[in-house]
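Below, in structure tokens: the form predicted alone, a single chain.
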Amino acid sequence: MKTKLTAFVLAGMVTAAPALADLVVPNLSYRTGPYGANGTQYADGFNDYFTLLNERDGGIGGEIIQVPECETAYNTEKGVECYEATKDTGALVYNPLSTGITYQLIPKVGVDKKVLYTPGYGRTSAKNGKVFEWVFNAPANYWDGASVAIKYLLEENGGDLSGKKIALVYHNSAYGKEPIRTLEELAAKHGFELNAIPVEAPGQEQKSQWLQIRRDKPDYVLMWGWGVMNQVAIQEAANIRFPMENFIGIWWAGSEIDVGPAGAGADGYKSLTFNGVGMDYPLYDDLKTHVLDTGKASQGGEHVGSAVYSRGMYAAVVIAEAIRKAQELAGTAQINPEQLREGFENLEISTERLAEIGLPDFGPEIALSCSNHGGSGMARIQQWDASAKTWNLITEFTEPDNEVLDPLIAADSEAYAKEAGITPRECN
């Protein structure tokens, strides 16, 4: 018996299994805690795309998608509890939107044979599918983001960053520390001075960090932040009159709620992104017809079209396309996690396919394989227009510096394999 998409939003663990469904995609969300404002928007976008597929298309391949939701509060222990509570419900794939939770789940999914999809977050070296057989992080990872940011600054400076000073303001966690090694390598290559400045979670107090920035006078500031940390950082930057056009955040520091509190002071702020902005895409017309107007939108559609909502929706798009590919390869619509892994490893989302979905130029082309679980790593830059209250894309999709990144990914994944006792598999 097929059941329409159902969401269980709980304070901790899922206490009741979802109703019987053919395709189960748990949503490990966080709508509470210091990061709830961001997590809520992502979860809504994720839910609504699967609702659209159910309502408009009857699911994927004729199979309804079930999306049981479990509240993690961005807490690693709760995230693991949610995984354990849902893994035996027929779950195919997990997308926890947390680097800390991801690190804990990586060894578990290998044993349990569940797909872990971490777009734009998690362990960067999981791009190496020879080691991380069950983890995928396309279309881009943190090291890609760091490299694309530096490429952009190189273009802004005639190809030369020698002698420039770049500060990294980062969330003092596994997430925030991810780009440091890459930026150190890029600093050595391009001759700029890197100064990494940690911010303790949740990031409400940053006066000392921004006094340091005012004193040191860096040419540029990069930020790896999340939640309230972003709002505070942008306000503090405005307070010391740091030039916003020289302030670039990672994609998790590029939402409307990050810049809104600073008002006109945030004008010109930039961030990386790997997905489109706004609602000028045909898919949003379908969402309105089949999800919003019918009263089936997550939380009433309050956040439809926001930057983080769109990113959650995009994650659902990629998962749905991998499911389609898995069904095609397996010759059945009722797939299991191992078949879904094959779908991911053979996934191709071309520009033509994105247009068919209703998202032309929304993301980069994605082509995965046994060895490449991360895609091309391409990203672009968006800039905030405070008067119009909109993000504008100011670059095309840009490739990262793989000459620097590939050896780092190989070294990190090989170290993990040795530590975990994993023999990297052969890929044709």
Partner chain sequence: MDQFFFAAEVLANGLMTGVMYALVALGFVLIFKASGVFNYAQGVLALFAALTLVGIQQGQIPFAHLINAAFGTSLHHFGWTVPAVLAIALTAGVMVALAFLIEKLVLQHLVGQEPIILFMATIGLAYFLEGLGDVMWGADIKTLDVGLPQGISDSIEGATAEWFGYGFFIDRLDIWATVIAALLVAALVAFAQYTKQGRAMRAVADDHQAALSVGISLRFIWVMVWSIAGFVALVAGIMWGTKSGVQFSLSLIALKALPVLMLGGFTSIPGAIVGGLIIGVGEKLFEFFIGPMVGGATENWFAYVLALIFLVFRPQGLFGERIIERV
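Here the structure is a predicted model, which is why all the values come from computation and not from measurement. Residue numbers count along the first chain shown, from 1.
Although it is not shown, the form predicted in complex with its partner chain is what the next lines describe.
For E348, no non-hydrogen atom is located within 4.5 Å of its partner chain in the predicted bound form, even though that partner is not displayed. Its partner chain in the predicted bound form is approached by V232, whose closest heavy atom lies within 4.5 angstroms of it. Within 4.5 Å of some heavy atom of its partner chain in the predicted bound form lies at least one heavy atom of N172. Proximity of E321 to its partner chain in the predicted bound form falls outside the 4.5 Å heavy atom cutoff.
Annotated contact segment (heavy atom within 4.5 Å of its partner chain in the predicted bound form): 301 to 309, selected among 116 to 124, 301 to 309, 186 to 194, 144 to 152. None of A386, C370, L393, A37 but one reaches within 4.5 angstroms of its partner chain in the predicted bound form through a heavy atom, and that residue is A37. Put simply, of G278, P261, G358, G268 only one has a heavy atom within 4.5 Å of its partner chain in the predicted bound form, and it is P261. Contact annotation for 239 to 263: residues with any non-hydrogen atom within 4.5 angstroms of its partner chain in the predicted bound form are N239, I240, R241, I257, G260, P261, listed in sequence order.
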